[in-house]
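In structure tokens, one chain follows: the form predicted on its own.
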């Protein structure tokens, strides 16, 4: 099977079988690095890093050089035509005419999808705001599998900033796809976003056990357990246990503790003045001295600040520098597959969850509520129009195709005009039965009454003000 000409924007772009096959190719390449030189001779990779990066950028560029290819790069938007107002779509078309593959990091969530839509060559997302970072997730998964031989059934604890950490968001979906159990251990105020939780619970078939944060703190300085995602078929050991704190569950042992730093560069204005350090627990020898952590892998996507003690660097359980080193063969394998110089054999019938939702893409009436979304940042650009998946009808729920934020709109209408006349051109509450009755192809959605009325619609008695 070939992955030629495909892009990797989110971890969902790879099926379980493709991930497994990618890891097999990584094994092959890492065992014979020098023999891979020449695979990509004559190929050019564009390295576009519009946010700071050390490991991701250098590992991608090293990977391309080890494959015998060439690299062109841009690392500062102020030094590109984006600073002059050029759209991402136009930039993508131009760079796609220079390079055979593009790797992009950008602060706007969904930016990688826009580039993939317009470049005409394979595009790899190297991190788009707080959205996703799929190749880091591949490094994380590969590290776990190398150490534990499997991912299915493992218990993985995610620690720290689970709100803005893009590496965490990609990893959550990947672990769920591969049937691991996930413990959410966030710093207070930095819990997993609701749109991530909703996608997790609606598309991966497991079960989420949520707990109220406990006021009690342990002697070890551990924060409270926020939620546990239990994969299908796993023993439901924690049902009906209120106010479970993390130390109770960690006493059962975890296979990996995935630590993340506070993503201060993405904090909202209201969060910037808060002393995160006072709420952020440090992972150190004292925390990990108990027997339940004897075989726990200590992981971190890096860079670290103060959340992971340097005293753990020499500990054989610490995997974070190994994660970084494995980035080169992982990305060599990925680049060679997307460029079509290598093919893979899928080892088994794939059972990855794939849900086809109807699309809503009228381009007016409603916009993504996420201010960091590329569709909001480039709302005046004619190429990028708001586009959403209709992921639920009761209540009506949309998910942005760019940043994956989900939300419930306020008003709906029908392009058929309910009685076939303009006099019946009315809008209704999205909570009314009309949200389910109107066919997706006829559905019109509005953020507000003023938006609906600006498009010539009148309120029906199914709007809150006219009931």
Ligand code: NCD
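Positions refer to the first chain, counted from 1. No experiment lies behind these values; they were computed from the predicted model shown.
What comes next is about the form predicted together with N-carbamoyl-L-aspartate (NCD), which is not displayed.
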Can you tell me whether residue 198 touches N-carbamoyl-L-aspartate (NCD)? I mean in the predicted bound form, with a 4.5 angstroms heavy atom cut-off. no
Residue-level contact is defined here as any heavy atom of the residue lying within 4.5 Å of N-carbamoyl-L-aspartate (NCD) in the predicted bound form; does residue 301 satisfy this criterion? yes
Would you classify residue 43 as touching N-carbamoyl-L-aspartate (NCD) in the predicted bound form, given a 4.5 Å non-hydrogen atom cut-off? no
My question is simply whether residue 261 lines the interface with N-carbamoyl-L-aspartate (NCD) in the predicted bound form - judged by any non-hydrogen atom within 4.5 Å. yes
If contact means a heavy atom within 4.5 Å, which one of 146-154, 130-138, 332-340, 184-192 is the stretch that engages N-carbamoyl-L-aspartate (NCD) in the predicted bound form? 130-138
Which pick from 55, 399, 410, 425 sits with a heavy atom within 4.5 Å of N-carbamoyl-L-aspartate (NCD) in the predicted bound form? 55
Pick from 113, 166, 106, 177: which has a non-hydrogen atom within 4.5 Å of N-carbamoyl-L-aspartate (NCD) in the predicted bound form? 166
